[in-house]
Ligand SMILES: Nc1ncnc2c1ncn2[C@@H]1O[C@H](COP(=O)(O)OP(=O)(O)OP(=O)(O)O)[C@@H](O)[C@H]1O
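Okay, here we've got a single chain as structure tokens, the form predicted alone, with questions on binding and movement later.
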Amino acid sequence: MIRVLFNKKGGVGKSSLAVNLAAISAQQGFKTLLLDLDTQCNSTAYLNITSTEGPTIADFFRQTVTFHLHRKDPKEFSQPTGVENLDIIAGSEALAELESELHSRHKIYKLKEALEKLQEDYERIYIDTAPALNFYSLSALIGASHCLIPIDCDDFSRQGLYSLQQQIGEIQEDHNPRLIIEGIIANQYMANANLPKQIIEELTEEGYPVIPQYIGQSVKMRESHQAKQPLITLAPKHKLTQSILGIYEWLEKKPA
């Protein structure tokens, strides 16, 4: 299973969710890969991986536009993390300088081919993306089977979701008919406020697959970033950890 976390709006928790869902997957015994496609490399830093050392996703894409007599297998670009069963293909700022050439040379399906190969080694793959529909996030949506969309519970996020659904629909029609919007994840949820509840209710009534487990506001996530440890290892009993675990369990238990 290949899950991509995507939203064109920044600051909605894509990297935090990608790392923590992948870490939970690994703890549950699945051989798991996290792929960081964001030039900010937040997922990579979160897991205490230095993107300037070892292989990165930029190295993978670079080999697709240069001649190699023997190209490396996609698995060779991964490296272990401090979490058992969890590997990462690290992010890189060099993705930005490669994007134009990759686009002009029509390499949009190269990631899909790599993901198909990587599924021979990994039972679960999570992909973190930049807050933009660029070459890399489009490549991820073409190669993934499931899309998770984190949102803030405000009207800007709701309007953005409408636009995002249309764009994903076009990707499904033109490139990847198997892609589904698996779930909408409500982040920074304020249980005592009326607006978040209203937006969740309206989106649910409109048929959006809002996951019935919300992520509240907590400083524990920032502490997790600073400690460079996923919540499941840093604070397994914390309410925030349990919320993300609830999301993971909902995703794993729902019908395929």
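Please read these numbers as outputs of a predicted model, since none were measured by experiment. Residue positions are given as counts along the sequence shown, with the first one as 1.
Absent from the display: the form predicted in complex with the named molecule. The rest refers to it.
Taking the partner from elsewhere, no residue among 23, 48 and 236 has a non-hydrogen atom within 4.5 angstroms of the named molecule in the model of the complex.
Contact annotation: residue 225 falls within 4.5 Å of the named molecule in the model of the complex, judged by heavy atom distances. Although the partner is absent here, residue 37 is not a contact residue: none of its heavy atoms lies within 4.5 angstroms of the named molecule in the model of the complex.
The named molecule is not shown here, but in the model of the complex it comes within 4.5 Å of a heavy atom of residue 13. For residue 188, a non-hydrogen atom is located within 4.5 Å of the named molecule in the model of the complex, even though that partner is not displayed. Site annotation in the model of the complex: the residue of 58, 221, 199, 210 reaching within 4.5 Å of the named molecule with a heavy atom is 221.
With the partner left out here, the named molecule still marks one of 23 to 31, 190 to 198, 49 to 57, 212 to 220 in the model of the complex; by a 4.5 Å heavy atom cut-off that stretch is 212 to 220.
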